[in-house]
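Take a look at this single chain in structure tokens; it is the form predicted on its own.
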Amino acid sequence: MPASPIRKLVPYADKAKQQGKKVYHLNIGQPDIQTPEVALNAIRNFDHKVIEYSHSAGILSYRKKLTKYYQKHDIDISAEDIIIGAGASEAILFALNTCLDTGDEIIIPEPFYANYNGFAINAGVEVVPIFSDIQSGFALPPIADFEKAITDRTKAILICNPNNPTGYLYSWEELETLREIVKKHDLYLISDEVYREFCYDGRKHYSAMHLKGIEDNVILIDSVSKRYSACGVRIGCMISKNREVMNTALKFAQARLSPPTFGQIAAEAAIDTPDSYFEEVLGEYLARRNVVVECINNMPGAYCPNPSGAFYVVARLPIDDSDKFCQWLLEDFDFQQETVMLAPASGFYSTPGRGLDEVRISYVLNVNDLRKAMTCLEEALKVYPGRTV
């Protein structure tokens, strides 16, 4: 089981704080945005005498209410098409265990969300990575690359849209390309869409559930963590119109009894969050993205594509080893008693040796703190012993 590139440097950050340094946390997608009041009030006003198990698939009233949320996004599903999980993490595990047997292969464009590696190991599944390039902004790899990767053990393709860690937003044409591959080889398409609300520059999010002719092949993964800045409630879901898939996944859900009750109560209430909340949040993230992208591209030897979704960037820096660099930032560097915590991008690749000159940055801090963090990064690059340019 690989260590998380997002969390493995926490002991070094803790030590830096003990030494009196201020650490700007850009390593993890923990927004500083306030959780909607309607969700917090639902927990505050909980008046049941017993905190009970829910149905293994999740509280029915919540699942019914979720269908109305998805209808707003032109996704027509029923409550029976939804299984609530303890975050998108559990939902992905359900999907992998349901659709793939031990030794089966799943194709994932890399870099990808680091925990996909851990989920695959947990399920006994082998990840087959396909390289996407920073120069293209991490666009979908060519169809020929998928065809070359498919074997008789290939059972699924997994994408994250908008993407974590790159922020790339797949176009309709790219999703259509995936549809053709999935249909031709009768594969599952597992689509992680937890950042649906965060799309910029007038770009629109298209769901894998919109694709025609592969309805039984598509599995949608979703979560409330980032949508409502409620990471700690640990509520996500797995959605599919394939009855056999959902009946099988329910067995895995039954094995863990039920998802968290308080999390579901908060998540159900959060659906009533007004649109104005998202408009304000989107504007805030857009400003943050612009600060990070502009600052990095003004640093000599650094390059950062301009992402259209989520709240992450993968940036190329003039460094020899991103793991060493990110640890050095916490152990040996400070600028005016401040430093920055980043996630080494090597942990977001499955192929050894890739991402050594890249870092993932989560722009989840306010603009003022982001500017200070970027100043720390710029000053660090000037004195880093392993600088390559």
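Start at 1 and count along the sequence shown; that's the residue number. All figures in this text were calculated on a predicted structure; none of them were measured in a lab.
Although not depicted, the form predicted together with a further copy of the same chain is the subject of the following passage.
Contact test in the predicted complex: Lys382 vs a further copy of the same chain, heavy atoms, 4.5 Å: No.
is_contact(Tyr53, a further copy of the same chain) in the predicted complex, heavy atom dist at most 4.5 Å: Yes, Tyr53 lies within 4.5 Å of a further copy of the same chain in the predicted complex.
4.5 angstroms heavy atom contact with a further copy of the same chain in the predicted complex for Phe278: Looking in the predicted complex, residue contacts with a further copy of the same chain do not include Phe278, since no heavy atom lies within 4.5 Å.
Contact label in the predicted complex: Tyr69 to a further copy of the same chain, heavy atom within 4.5 Å: No, no contact at 4.5 Å.
Options 26-34, 343-351, 360-368, 323-331; stretch whose heavy atom lies within 4.5 Å of a further copy of the same chain in the predicted complex: Checking each option against the 4.5 Å cut-off leaves 26-34.
Candidate from His185, Arg243, Lys251, Arg203 lying within 4.5 Å of a further copy of the same chain in the predicted complex - any heavy atom: Selected option: Lys251.
Residue among Val291, Cys231, Val127, Ala302 with a heavy atom within 4.5 Å of a further copy of the same chain in the predicted complex: Comparing distances to a further copy of the same chain in the predicted complex, the residue within 4.5 Å is Cys231.
Every residue of Asn97, Thr261 and Ala266 near a further copy of the same chain in the predicted complex, heavy atom within 4.5 Å: Contact check passed for all of Asn97, Thr261 and Ala266.
Stretch 109-140: residues contacting a further copy of the same chain in the predicted complex, 4.5 Å heavy atom cut-off: The stretch touches the partner through Tyr113, Asn115, Gly118, Phe119, Asn122.
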